[in-house]
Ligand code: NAD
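The data below hold one chain only, encoded as structure tokens and taken in the form predicted on its own.
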């Protein structure tokens, strides 16, 4: 079995490689060549932690495995380590033998950012110039860096519940040589592309705060009860997702479906746009929304890519298992 420790990931996985891996697996999902297993996510009754498993099998890429991990809210304050902790395990689909164990913390951040940037590549208007960020935490920086590579943006605007965190966004904008402006939520109407990345359980963005032609990537809702936008917004938009089953159960669409505003059949897979079986954006006035719930196949795709790079560079640790 091969081991690729967390400490090696930053030197192995690039945003470009993460994008390619996620785009490819989304297409495989839509073609029926890859599928996710049911998600297990539980409060363990210790340290207020949420722990779970996401897994799947990609027949096209012959990638089988799972990601184990979750959210330990006291880690940063008590131990000085990040709150999200995860590890990816890969198995040989021919024999079932353990193939690799890969540090999953940075990979999770990169694959989540890659998913929203894939949606921007395929759904945002070509002439998009202003990108808006709702949320300014650790993951928001990954999201913004990846998104800025998908269009010729000339401005970044942002809102966060705690404005003292907005310098995180300003820092990334400055790296790209772009101006940054803090706005109220009504100011988001200026955005051509928008990413929401929060841990909210209440709608933040209303339907009236989104201009026609906007593409929105909702990336924070991955658990039953979470919510970032007004369900009426999904009724106005053409909705895409990574996996429809997760979208209606734990994603942003759970609320719009529960209220009867949209049906499961109204939601399309982003992978169908990638492989050409869905036309994607139909007009410059259409609002498109990507409900990024986070699927196990994303984790497996980027982990498999990391293992290949680690072997190529002689970094992977081999153990008899």
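Residue numbers count along the first chain shown, from 1. Keep in mind it's a predicted model, so treat the numbers as computed, not measured.
Although it is not shown, the form predicted together with ligand NAD is what the next lines describe.
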Do residue 125 and ligand NAD come within 4.5 Å of each other in the predicted complex, heavy atoms counted?
no
Test of understanding: in the predicted complex, would residue 206 fall inside 4.5 Å of ligand NAD by heavy atoms?
no
Is there a heavy atom of residue 140 lying 4.5 Å or less from a heavy atom of ligand NAD in the predicted complex?
yes
Determine whether any heavy atom of residue 158 comes within 4.5 Å of a heavy atom of ligand NAD in the predicted complex, and answer yes or no.
no
In the predicted complex, the residue from 86, 238, 150, 198 that sits within 4.5 Å of ligand NAD by heavy atoms
198
Answer with one of 118, 219, 144, 194: the residue that has a non-hydrogen atom within 4.5 Å of ligand NAD in the predicted complex.
219
Which of 291-299, 256-264, 271-279, 25-33 sits within 4.5 Å of ligand NAD in the predicted complex, heavy atom basis
291-299
Residues within 4.5 Å of ligand NAD in the predicted complex, restricted to 111-125 and counted by heavy atom:
111, 112
